[in-house]
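Heads up, the chain below is alone and in the form predicted alone; it's given as structure tokens.
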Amino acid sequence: MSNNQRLVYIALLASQAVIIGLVERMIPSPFFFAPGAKLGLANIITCMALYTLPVKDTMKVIVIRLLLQTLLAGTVSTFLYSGMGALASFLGMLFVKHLPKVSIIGVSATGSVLHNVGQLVVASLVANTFSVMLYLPILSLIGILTGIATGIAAHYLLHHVERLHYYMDLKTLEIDDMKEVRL
């Protein structure tokens, strides 16, 4: 993949994630018993980036999404909460992705739960109390369910959108080329 193609693909994924995130903000929370809980639909794009781009480029997609979403419809506090959630989610997804027999659905569910953990850590630091963590079991349950749903959507897209196979194959070739260079 040429550098220009890679940059365009990163920009495309980031813009899709921003649009999905902005649309999701307009949807009322379907979880009346868990205020602030969301579906996490932008996680679909994160999963697609994780499976079609190198780690460095996936991180670029996440950072661009965070910055643009904050500039378009956020505040400094939403950036802090989203940033910590995204960091915890990304690191967890990256780790779980390399475990044997874990599908993209498991990776997505892990990311969803860890996103909630990251946000609650920030909330605990802001509130100067760890009693905020009592909200974790409810958010974890919702995170598992929404993570499974977004994982199924990402799995469907990766296997049924013809053009994505091109990027997945290129990522495999790039990884093989890097291994040969190291040897």
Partner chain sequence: MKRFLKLATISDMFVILVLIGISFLPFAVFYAEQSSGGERFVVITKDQTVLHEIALSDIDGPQQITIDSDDGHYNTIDISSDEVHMHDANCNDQVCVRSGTIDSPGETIVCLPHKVIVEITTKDTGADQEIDIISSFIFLKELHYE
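Positions refer to the first chain, counted from 1. Values in this document were obtained by computation on a predicted structure and should not be read as measured data.
Heads up, the form predicted in complex with its partner chain isn't pictured, but that's what we're talking about next.
A.B. asks: So in the predicted complex, does any heavy atom of L120 sit within 4.5 Å of its partner chain?
C.D. replies: Yes, L120 is a contact residue.
A.B. asks: Is there a non-hydrogen atom of A73 within 4.5 angstroms of a non-hydrogen atom of its partner chain in the predicted complex?
C.D. replies: Looking in the predicted complex, residue contacts with its partner chain include A73, since a heavy atom lies within 4.5 Å.
A.B. asks: Does its partner chain get within 4.5 angstroms of any non-hydrogen atom of V55 in the predicted complex?
C.D. replies: No, no contact at 4.5 Å.
A.B. asks: My question is simply whether M93 lines the interface with its partner chain in the predicted complex - judged by any non-hydrogen atom within 4.5 Å.
C.D. replies: M93: no, not in contact with its partner chain in the predicted complex.
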